[in-house]
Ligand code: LUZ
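Here we start with a single chain on its own, the form predicted on its own, put down as structure tokens.
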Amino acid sequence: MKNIDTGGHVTGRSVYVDDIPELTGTLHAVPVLSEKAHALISKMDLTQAEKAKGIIGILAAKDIPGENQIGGILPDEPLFATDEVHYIGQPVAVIIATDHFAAHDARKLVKIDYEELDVITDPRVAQQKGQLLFPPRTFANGDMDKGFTDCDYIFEGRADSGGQEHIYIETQGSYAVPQENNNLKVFSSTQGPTVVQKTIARVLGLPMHCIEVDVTRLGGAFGGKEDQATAWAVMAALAAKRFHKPVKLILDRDDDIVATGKRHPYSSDFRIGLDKDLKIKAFEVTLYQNGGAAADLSPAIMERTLFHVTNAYYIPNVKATAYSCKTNLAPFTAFRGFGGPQGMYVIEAAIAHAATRLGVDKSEIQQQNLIDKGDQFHYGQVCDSHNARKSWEELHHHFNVEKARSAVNDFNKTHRFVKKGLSIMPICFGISFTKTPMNNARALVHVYQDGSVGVSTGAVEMGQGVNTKLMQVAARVFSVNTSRIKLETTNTTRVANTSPTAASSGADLNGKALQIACNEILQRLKKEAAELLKTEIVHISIRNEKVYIDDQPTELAWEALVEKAFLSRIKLSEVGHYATPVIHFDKTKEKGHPFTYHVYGAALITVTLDCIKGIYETDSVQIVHDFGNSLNLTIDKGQVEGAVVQGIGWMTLEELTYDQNGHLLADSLSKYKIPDVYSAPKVIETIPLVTNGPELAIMKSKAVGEPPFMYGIGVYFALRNAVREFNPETPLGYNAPLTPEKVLLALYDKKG
């Protein structure tokens, strides 16, 4: 089954926030953003801006009727700065005008006098000065002292990974429309409708039931609209409430890049110990997370980093400590992988460092230490499958890794100024929100008199195909054609108290809730059919819109059955509620069973490097991936391909650089490099691991959004290997992204 949104996307008929027809009298909002990274506001003069043509008003902190607070996990982020600004791009006010361009012109007339303060951009400096967003956490397992004592080899090093801009096609935006009786309807480009609803209610001083948030779809998100969409929706709602008119706020791309958070950069120190058999006996890591100026989602992201510091390996003695450091940059936020990639990169760097020092191939250490069924993760959960090793073995068998390695070696022997690099990247990624209470969902299902079906869930479609999968779930349970099913918009009035569509859990949570609701209605219909056909319900089934008694079709079809059930006053609507079982985590001990299941896989990566120019190509990324029993392999393979390219971008191209005053230097699409068709691998080949998916995945189909992002890490190490083929003495450390400029320098640099 193809993605049900494809037709609308390619014809331009899909509706996003900015496509909603504007009501008469709609006003437009543009935020006023701080131009300083850390300063006191000594004076803000709005006089000239307020007099400008088309200006309706300018709202600031003093105009907020409720709380000037939008912090989600921690209440440390005002909607509008008051006396002090903490990063460039921090909102200080919002201009409301008759059109977008008038508001932009007026913004140039706002005059703010600043008294500048010290600026911190480096997380290590912040940690040294005690500037933390919240207390550090440590995950530990085993006996570290004994673990290192038992090692034959111990190596230390440092690994840094950079941030990443989301570059979703649709920028942040919202459209707020006043309703009767003090209510508001807000169309928001958000992954978390309930978060937006709750925060608007807090800022406006209203109960949540006064705020209806509606989401049709997003033009991409990648985590950047889980928490960061909230501020702009709140501003639009505040203005709509104040002026009693519809208000639209759509960020320009430049404002979006400057004012919104990105993937967290991390700086890390590691120590790794191995025995003579290359078994990793101990691993210690200290991670410095650059959290930016406010917590945003940093606590949860840092926690997921700690969960994933061992990637796909079993290590008996582990100690991982993480600091979330407060800097004068826009609050960093969720991004595909949610902290997992940053932790997994460090263990891969530590293994690569050990392999280089020992003169062995990195894959020898990787293979020796793959986690297996019965092994315990450092956070207490027990591995319940052989899929890490099965993925590794199938990769070697299907893609003939040894032959590929020989081909790379032969090429390098005969080419002086062009070198190839090869690496293998295994992955193990946990699926669930790490905050246990968030793992729940609801679905509302209506079966109408004519047999058509309406489905409402808390899942947000953002290009990942969740609506298609949910349609498949309903169609399978009822055994009807998908043409009978309509996926409604995601709406807080129809489905309340939703968790964000994030953590790769959207299909699982909402699909399970939908499955429950559909099965409840199906049982009522089967009972009605049994009475009509004068048999027992155990003999009744519905297949392809026909009612069967055992294996024999009857004259009773879906439409007729639904009509008779309606006439018999059978309930044809249902709310399904699903709460993930088995998961739990005790933060006082940092132990538990936080994940519903894990996704595994392995990738073989080859690159070709031009050693004169420092430019490279990714020849191939060949993958064995654990889809479980895929519900839609076309969509799932598409997710793998997109994730791989995005991971390559993070590891090799996309560089967030700031000057000492906190200015983002790559602050536009002309300065920020994302992978294009020339940067993408020439070949991405994905085969499913032959395995049986877990019952807790929707119809045994495992989550797919985030795990394959980590295959991109392997491109970094393949490229690094190619550099070392040309210059074995390069002092190249572990500092991602490994951009062409860094590659060129590394090719001709020597130790000492």
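Note that the structure is a prediction, hence the values are computed from the model and not measured. All residue numbers refer to positions in the sequence shown, first residue = 1.
The same protein also exists as the form predicted together with pteridine-2,4(1H,3H)-dione (LUZ); that form is not shown, yet it is the one meant from here on.
Taking a 4.5 Å heavy atom cutoff to pteridine-2,4(1H,3H)-dione (LUZ) in the predicted complex, the contact residue among 338, 283, 332, 600 is 338.
Scanning 295, 238, 518, 502 against pteridine-2,4(1H,3H)-dione (LUZ) in the predicted complex with a 4.5 Å heavy atom cut-off leaves one residue, 502. Partner contacts here mean any heavy atom within 4.5 Å of pteridine-2,4(1H,3H)-dione (LUZ) in the predicted complex, and among 204-212, 427-435, 146-154, 95-103 they occur only in 427-435. pteridine-2,4(1H,3H)-dione (LUZ) in the predicted complex is not approached by residue 326, whose heavy atoms all lie more than 4.5 angstroms from it. Taking non-hydrogen atoms only, residue 226 approaches pteridine-2,4(1H,3H)-dione (LUZ) to within 4.5 angstroms in the predicted complex.
In the predicted complex, pteridine-2,4(1H,3H)-dione (LUZ) sits beyond 4.5 Å of every heavy atom of residue 420.
Within 4.5 Å of some heavy atom of pteridine-2,4(1H,3H)-dione (LUZ) in the predicted complex lies at least one heavy atom of residue 304.
Interface residues of 690-715, taken as those with a heavy atom within 4.5 Å of pteridine-2,4(1H,3H)-dione (LUZ) in the predicted complex (partner not displayed), are limited to 706.
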